[in-house]
Structures are given as C-alpha cells and as structure tokens.
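Only one chain comes next, encoded as structure tokens, the form predicted alone.
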C-alpha cells in the first residue's frame, strides 16, 4: 500500500466519483461516524456515495442513519474507513476486499490491504483523520456530517478520557460543535443512557465472568441466548468490552460474542504492558495496543474461549 498525505487523499476524493465506503463488521461509533460522515460530505459536493457494512447498523446510531437513502450507481472508487485488515469485512462488503482504492485508518496494526492509504496510528479515532481530509478538501461541514464525525471522535476516545487524546482532538471536537454537532446529546446517548434490555443483558453477561492466569485475565461471554432472553439489540453490546478490563488486577479483558455458523467475535482490552492488537493478529484480526478485535471459528464456544485465553496468557507470560 502506498502511503499518501492528507492533501493527496483530498485530491483523490475530489478527482473520483461513485464512492463505496466500507466499514468493518460489528460497526462501532467510529466506523459508522466515519462512513456516514464522509458519505454525506461527498454528496454535499456533488459526488455519489454510499456506505456499506456487512452487519446491520445498530439502532444506537439512528440519529445518524434515520432518513438516509442509498443512491443508485455502480461503485467506481472503493474507500475503507476505520479498517485495520480486510479480514474484518463481512457480508457484501467482503466482495470488495480486493478492490479497495483508498484506506483511511488509525490502527498501527494496519495490514496495507489497499492501493493507497492514509494511516495515522497515533490518532485516537479515524474520525479525526476524516475531519482533517474534509478540511483540506474545503468541504463545508453541515450539522449532519458534524454529528457523524463527532460520534466517531467521542466514542473512540471514551468521551475524551483515553490517554490517546491529544490537544488537537479537543480542537477538532470544538470545530464540529461549531458546525452544529449535538455534542451533549451524543455523549449522553453513547455513555450515560442504557435501556432496560441493555441493563438486563449486562447483568446476564456478568454472570458468565471467569478469571484465568491468576486473575490477570477476565473473560465474559455475550451468547445468543443472553441476547434473546434480555431482548437486547446489537447496539446494546456497545461498551460491554470495557467491563472485564475495569476489574482491579486484570491485565487483559476478553469479551466473546457468539455469532452464527461457528463464529465467535472477540474484543480484547489490555493494560499498558500488553499489546491487544498483537494477540488478535494471531487470529486474523487487529486494532490498537490497548483495544483490538478478531473472530475465531470453532465447533464450540469452549474451544474458541480456550484458544483466546491461551493466546492472552502467552502474551502476558503466564499459564492459562
């Protein structure tokens, strides 16, 4: 993958048309915010553009997606956002894994799968990079675009509390607020609001809590049964991955999500001395040093769980 500057990326996005913007499976706020924000911005300058994710967009982001209509065209230029590896594409998005023209990403573990890319491993969110590209393009950011990009910034920074947050992160957030981003509503919805179904789901998830490696590893599972009994939606699982890592003495927190066809999706959260992305790369995933994800295919949840715990134990130099 040839690395390009913000200016070169801006030129490419001005030059082409009929954009398809890909998101990773189990899309989070950064992926959704970047894809829809970039899409709406491109449309505002007369381009045709659609976002695409192999998984359903969680209802949590309805304030971004409500009223959004897909356009009819044959994709000519493929862009990925917040995607560290093409292995994290799912569904119809996988059909374009070998056709990605431009990758916009903030994962240091990016595998270089696109023709060209803008990758800043120090950026706390991909949304920061998208905002900078739009500024270089001279795009006038309206309130809908601002809402989407602000969502990416605030969710991937933990509401601006993670150590990756830089002074320019706050400046970018302030710019988006001046463009009309509903910052208070978005932060409240992302971090301070839970449905009864979500609370019930979290209660059931905590009942699955297990420790390994002398308490240095904590594991929880979001099974299909838990989702069905609680009535929770996929959007309700947002934030659950941080729970096991919050436990005192835990160095690595593991959250396993049961999907279909023997797929188990893992979210790994690690302390400063452990590289979560290195652990997840062993299974074809990726991410950041502190937070990463991957999928393991197995004929039982126990096998998938044991494989991940063993990899985490090896990483921290202990016995599972």
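Numbering follows the first chain given and starts at 1. As the structure is a computational prediction, the values presented were derived from the model and not from experiment.
Form predicted together with a further copy of the same chain: not shown, discussed below.
Partner proximity in the predicted bound form, defined as non-hydrogen atoms within 4.5 angstroms of a further copy of the same chain, places exactly one of 136 to 144, 68 to 76, 120 to 128, 194 to 202 at the interface: 194 to 202. In the predicted bound form, a further copy of the same chain sits beyond 4.5 Å of every heavy atom of residue 240. a further copy of the same chain is not drawn, but in the predicted bound form it has a heavy atom within 4.5 Å of residue 215. For the chain shown alone, residue 173 is a contact residue for a further copy of the same chain in the predicted bound form, at least one non-hydrogen atom being within 4.5 angstroms. Contact annotation: residue 207 falls within 4.5 Å of a further copy of the same chain in the predicted bound form, judged by heavy atom distances. Scanning 94, 99, 166, 132 against a further copy of the same chain in the predicted bound form with a 4.5 Å heavy atom cut-off leaves one residue, 166.
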